[in-house]
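Only one chain is given next, in structure tokens, and it is the form predicted on its own.
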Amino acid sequence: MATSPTEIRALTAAAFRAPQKFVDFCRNGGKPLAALINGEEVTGTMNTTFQTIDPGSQELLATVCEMGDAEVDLAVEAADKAFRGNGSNGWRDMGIEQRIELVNKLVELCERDRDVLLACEILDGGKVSELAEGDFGQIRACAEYFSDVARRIALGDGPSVKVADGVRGFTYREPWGVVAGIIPWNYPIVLTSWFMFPALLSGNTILIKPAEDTPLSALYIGKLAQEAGFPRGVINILTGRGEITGQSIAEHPGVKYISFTGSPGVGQAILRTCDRHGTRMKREMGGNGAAIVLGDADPGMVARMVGRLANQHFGQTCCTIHRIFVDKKIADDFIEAEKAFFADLKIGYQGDSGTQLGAVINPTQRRRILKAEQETIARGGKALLAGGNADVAGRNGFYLKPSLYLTSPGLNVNPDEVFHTYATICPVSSEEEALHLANSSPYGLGASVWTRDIERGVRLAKQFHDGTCQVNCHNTIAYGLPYGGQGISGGPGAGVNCEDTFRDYTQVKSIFVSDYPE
């Protein structure tokens, strides 16, 4: 049975209230939440704390200790010791089935405390429950996928080959050692999982630096890792601001590999820091996703599908749609339907039933979005929905209205990533014009084509300058297929979610052996 356009709706909240276990965790007996280093809670020598709040109400959730250079030193030392052991019993020496057993135990504990981790996503991260529940499912999915990969990709010696008379050579694959994941605030559970499981299963010990806006899920997972029985120092959680804790991690020569997700400016700065002492780095740095809607598409149906995707986590999704190029033949109908979808979004508190558009994460993001809306108009965009601040009765959150703008091919009204339910629509005369405009962005994370003609769609999708190219879908991920960016959206390495991700967390050396000369 065909889907009716009216059946396509935005991700929607069910009623949610904090479980007592989450409340008790946040209160922590009246003490700030400490970092986890070498299996111990560490409050830090800086004697500095920060607050994490509910973005939909600005209510305090928890006070958290901030880590500095001394604590990063301590964590690197602990992680390196856990990695090496006494030369024979470190994490790197543990059999893969033993590592998988510990990972599975951690997954089981996460599922036992599902309501607490959902509270982290919904209350700390500001997500609606429908999205948060999908994100939670990535814990098991990611762990199971990389457990299977770890069984298939052998570490240690590769096949031996003859390279000359009396000389043979082989490769030796090994983990890097101490690796760090710098995790953003928009998908903390998902991106912690995408870093943690391949890094651990390939034999590394890890530092997790959660975003200061959303530290609770990482701290709670660290607590569960202790319960699961991970050896001391294998998993360390370092809380703090990016410019302090994150910078200290990037500057530490004992960190051998960093996985970063965040903005291009921060990612490029970290890369320059890492280059000074040879730390390798992979990075995903946002996007300004494009959708091309061809003339054979149903404008009402596709407008609602694009609207749902553009509003995923209120537009705070790196690969989501912010630039729409639609065939002029259907542009009027598409614009009318898209405007109606955006205008009908129910703005409200993320924990209240029916909410589809909640608060953005913090006041800095709100200021950036409001500025971008003003600049869109100044650059020549025509407001279909002007955006601006929104009021939600009884809530003092960072609420904004959705914004939608009409533009034309000669105007560059949307050059940068705007992390909100914000999009521009540009009517075009041909698929060639649409493709040229879609590829004109320096970003290159995700793009899509919408058409009844699948063969035509695939042909166009192959021409995108993006890491993820889609036909009649968007924001798509699948384990086994890489998720990464081109242009300023990406960096070295294979992205995430595939076999090459696992290999990224290892290094390979060549070993040559010659017969002893007689």
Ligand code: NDP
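All residue numbers are counted from 1 along the displayed sequence. Bear in mind that the values here come from a model prediction, so they are computed numbers and not experimental data.
Same protein, other form: the form predicted in complex with the named molecule, not shown, and the subject of what follows.
- Heavy atoms within 4.5 Å of the named molecule in the predicted complex map, among the stretches 334 to 342, 219 to 227, 145 to 153, 257 to 265, onto 257 to 265 alone.
- Only one of 71, 373, 284, 121 comes within 4.5 Å of the named molecule in the predicted complex through a heavy atom, and that residue is 284.
- Screening 129, 138, 312, 247 for any heavy atom within 4.5 Å of the named molecule in the predicted complex leaves a single hit, 247.
- The named molecule is not shown here, and in the predicted complex it never comes within 4.5 Å of any heavy atom of residue 327.
- In the predicted complex, none of the heavy atoms of residue 199 sits within 4.5 Å of a heavy atom of the named molecule.
- Contact check for residue 189: every heavy atom lies farther than 4.5 Å from the named molecule in the predicted complex.
- Under a 4.5 angstroms non-hydrogen atom cutoff, the named molecule in the predicted complex lacks residue 125 among its neighbouring residues.
- Looking at 233 to 249, the residues that come within 4.5 Å of the named molecule in the predicted complex, counting any heavy atom, are 240, 241, 242, 243, 246, 247.
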